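Next up is one chain by itself, shown in structure tokens, the form predicted on its own.
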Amino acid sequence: MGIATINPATGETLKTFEPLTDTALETKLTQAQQAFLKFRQTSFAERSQWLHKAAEILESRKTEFGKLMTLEMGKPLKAAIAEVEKCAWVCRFYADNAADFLADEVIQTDASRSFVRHQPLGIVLAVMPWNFPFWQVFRFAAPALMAGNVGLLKHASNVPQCALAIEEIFALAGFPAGVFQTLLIEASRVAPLMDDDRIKAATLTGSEPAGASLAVAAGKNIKKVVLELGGSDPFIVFPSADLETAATTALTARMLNNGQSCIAAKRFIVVGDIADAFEQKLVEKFKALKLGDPMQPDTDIGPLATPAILNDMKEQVARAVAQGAKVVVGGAAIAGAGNFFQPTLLTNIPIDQPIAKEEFFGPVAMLFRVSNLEAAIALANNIPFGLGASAWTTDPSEQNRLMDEIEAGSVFINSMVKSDPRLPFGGTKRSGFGRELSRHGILEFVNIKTIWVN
């Protein structure tokens, strides 16, 4: 697929873009490096002012940007507008807190003065996905720019207008020219960029193969990289939980972004004799969802982003059935224009089959039944991923066991997994490494310099 806007609700190609030539790419790299040498000297107060302005632009034009997201990748408009609002939040969070996060840290030693100073690295390359085309970028850019770095964005090829709009936002907010630029290039040109000495680090949110490719290129050049990759998050429900609240949240957690979210609840693990009741509630809620035009306010589920993802869903569900799974609701693509797939619930999945450990990147959930806490934890951990986990219980001892023993970057008790600027976000195992957001996120792309004065 080339760099293009293709409406996933209709399949219509709306706009195409020519990739940057090698000469144009070199010009952008040169401009970024020259911008960094000046931008690193700006004050936190100046950067904060510009980032607050970016937040104002986002909020004043949130419907416009929301429609652009929906047009390019298909999420319901109401969710797209909420995404823009969250981007404004992360901008304000770092505008208000970066100076404190990066203040000199005095440490008493036998020196007359010793402290830690945090300084920017330079150009940071961001390789970002289409599923949250604004949020994924802003959660990187807000801390990176506040730290004094400059950003180069290689966005997914199906959201080029989102990528260009984000570049425009930073320019209109007052950031100096070259501080944040979009690179309209093919994925094959990302790894070679890591050979360029001017690029000091990279961050990627995306698939495991894409993350591995960037990590290899960064490792060859001894460069820092942060990876946030796939997940197959467990959603564990215990007998003490409020089943109605848990089931309602389960629906939201699975169908967020038309099911195309790395931190979506993808495996429902139900403990004990509540399984039948919980399954019935899910079936009713899945059946009540309205599929259709994502621009309409009453649409719950829009199209999948690309025909390839639609084909993946069809193929995965077919393999699940072949390996013993039962389709309780849904299970098929919608005939006609657009990349629509029915909300689907699978049960009776043999836990020793390969499909039980795969990530479904669409509106498909798997439901497993287990007898006790130990079995729930074992099944939750029996995957190569470790991004997030949600567990529902009012028993303090069960809560403590889950907090300690679930192998994930985050564990949410009686709530769905979500990212929050105030808390670190990231995974373990094959879900990646490094952290975004909070103070931990801004420290990923600075030189943590020890200063010793006798």
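The first residue of the shown sequence is 1; numbering continues from there. It should be emphasised that the depicted structure is a prediction, and the values quoted were computed from it without experimental measurement.
This protein has a second form, the form predicted in complex with a small molecule, left out of what is shown; the following refers to that one.
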Classify residue 127 as contacting or not contacting the small molecule in the model of the complex by the rule of any non-hydrogen atom within 4.5 angstroms, answering yes or no.
-> yes
Spell out, yes or no, whether the shortest heavy atom distance between residue 387 and the small molecule in the model of the complex is within 4.5 Å.
-> yes
According to a 4.5 angstroms non-hydrogen atom cut-off, is residue 361 in contact with the small molecule in the model of the complex?
-> yes
Indicate whether the small molecule has at least one heavy atom within 4.5 Å of a heavy atom of residue 136 in the model of the complex.
-> yes
Triple contact flag 29, 33 and 218 to the small molecule in the model of the complex, non-hydrogen atom at 4.5 angstroms | no
Which of 293-301, 353-361, 280-288, 313-321 lines the interface with the small molecule in the model of the complex (heavy atom within 4.5 Å) = 353-361
Of 76, 148, 206, 343, the one that lies within 4.5 Å of the small molecule in the model of the complex (heavy atoms) = 206
Heavy atom within 4.5 Å of the small molecule in the model of the complex - the one residue of 97, 161, 181, 157 that qualifies = 157
